[in-house]
Each structure stands twice: as C-alpha cells, then as structure tokens.
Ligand SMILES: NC(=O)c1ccc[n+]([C@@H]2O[C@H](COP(=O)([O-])OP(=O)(O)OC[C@H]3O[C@@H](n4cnc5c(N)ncnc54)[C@H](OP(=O)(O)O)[C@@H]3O)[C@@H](O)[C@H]2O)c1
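First comes one chain, alone, set out as structure tokens in the form predicted alone.
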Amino acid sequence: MKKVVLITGASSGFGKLTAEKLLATNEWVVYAASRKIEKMNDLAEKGALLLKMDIVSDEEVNAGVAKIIEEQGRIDALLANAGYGSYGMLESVPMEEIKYQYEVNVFGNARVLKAVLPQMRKQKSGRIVFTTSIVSHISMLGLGWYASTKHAVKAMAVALRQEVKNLGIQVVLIEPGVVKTGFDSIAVDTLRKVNHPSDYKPLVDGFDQYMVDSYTGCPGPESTAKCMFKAITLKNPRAVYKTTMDSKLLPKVKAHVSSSFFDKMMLSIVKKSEKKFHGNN
C-alpha cells in the first residue's frame, strides 16, 4: 500500500523537487498543495494530486486535509514547506507586511499542523517535516521580521517533537541556508519598495548588495530536497537536517563569539557591501 504525503508550497523550489522525488519512487500518493494550482500542472502529469490551498485560509486548509482523509483514509506525512519572506529594516517594514509574514510562516503552519494531527493521532503514526532556515538560529539587520518567524517555527517544532513522541508521530526540522529557489527575488524586491528613512540608507544599500552577492554564488535546491526526501522516507530520520554548508557552519561560529563581536562582524560585512553597491550604481 502506498503511503500518503501532503506537501504545502509545492508549486516551486524545495516543495516541487521533493514531490518529484517521492513520485519517482512509486511508493507515495503525493498531494501537492499551493495557492496557485496552475503552477503544478507538470506535477499532475507525473502523478501528483493537486490541492488549491492557501495556508492563510482556515477553510482551504481544513477542506484540503478532509479531502485527503476522505480519499485515502490516512495521512502518513506532512511537509510543511509553504513560506513567505521579505526584507527591510524593522522600523520601515509596514505592519501589514509584518503580519502577512506571520500569517503564512507561523499561523499558516499552525493551521496545517492542527488539521493533520487528529488523523495522525488516530493512526498512531505520522511524520511532520517543517522547513525552517539558518535564520531560525541567526538574525541580522534587514532580516529581523522574517528571521523572527523562523525562530517561531523552530520553537513550535521542538515543542511538538516532545509532545507527540509517544504517539507514534515523528517531527523533523529542515534548515537550509541561502539557496537559489526564486525566494530571493521576492524578498529583495520588497526591500527595494519599502520606504526607509534616510538614516537607514547606508545599511539598506549594503544589505541589498550583500543579499545579491549571497544568492549569486549560492547552491541550488537539490541538497535540501534530498534531505526532505530522507526526512519523509527514512525509518529513523534525524531530528534536524542542516542542508547547506552555511547552515552547518554559521550557527557554530555565532555560538563561539560574543554578541558584540557578531554584531561588529555583520556591520562590517554590510559596510563593505555598501561600498560595492555604490561602485556598481
């Protein structure tokens, strides 16, 4: 009998690639969920069952999960992968933008989690995989609101791991660093649209250049999708998968330096990037 997985944020990036890997095994019924169902037609051609699911909607989340249970009678795994991020100085980012990041990354994951858990408890089995980020450990100027949502998801997942340990349900965290998925174009675009006070202009320009340079040389999504596949399929997966070199190294560096030194290091990097920004513009 095939196992059943629900993947949110399956229209691109990690979610789409992981769905393709699971479909290729012919051992999984894959429900691919996204706000834009038309972007998943290629997954449907490979055998995925598509769900229009905006995770900010109680109605769409509950209806989607109910449909899976009605059709399959079970849910063996959830890849809670849908997410949204934008950059900007804390004071400058509009409240509606801050709220939307939380609505998707924190409350959206909470909605899906609360929808699938009753069935998994009934089954006495299940696997829940959360996509967090290196910024669940490290924050820096320009990333404050986005990083805070990922800190929240990590805290939620760690607590859940303990709460369901004796119920046959496993919880896994996926922690990528900077990865080329298309996420950066949305986040940096928002940074450039935010009306920052002139006091922040040097930091904004430097952060902009730093992000552009980071994403220019970063890896693609393959290593992260491979870890997601393991997290879903292995009998005894790790509790946490750090999927890129920066996600493995930078939290260790931060843990061994003082907060003041870390701040100085980040500001120095951004200052150098600011000089490059003005040299390019």
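Please read these numbers as outputs of a predicted model, since none were measured by experiment. Start at 1 with the first residue shown and count on from there.
Another form, the form predicted together with the ligand, is not on view; read the next lines as being about it.
Although the ligand is omitted here, in the predicted bound form all of Lys39, Gly83 and Val104 have a heavy atom within 4.5 Å of it. Heavy atoms within 4.5 Å of the ligand in the predicted bound form are found in one stretch of 116-124, 200-208, 70-78, 181-189, which is 181-189. With the partner omitted here, the residue from Leu49, Val212, Ala63, Val56 that has a non-hydrogen atom within 4.5 angstroms of the ligand in the predicted bound form is Val56. Within this chain, Gly88 is remote from the site of the ligand in the predicted bound form, having no heavy atom within 4.5 Å. Put simply, Leu22 is far from the ligand in the predicted bound form: not one heavy atom of it is within 4.5 Å. Among residues of the shown chain, Lys248 is not one whose heavy atoms approach the ligand to within 4.5 Å in the predicted bound form. Residue contact check for Trp145: none of its heavy atoms lie within 4.5 Å of the ligand in the predicted bound form. Annotation for 120-148: interface residues with the ligand in the predicted bound form are Thr131, Thr132, Ser133, Tyr146 [heavy atom within 4.5 Å].
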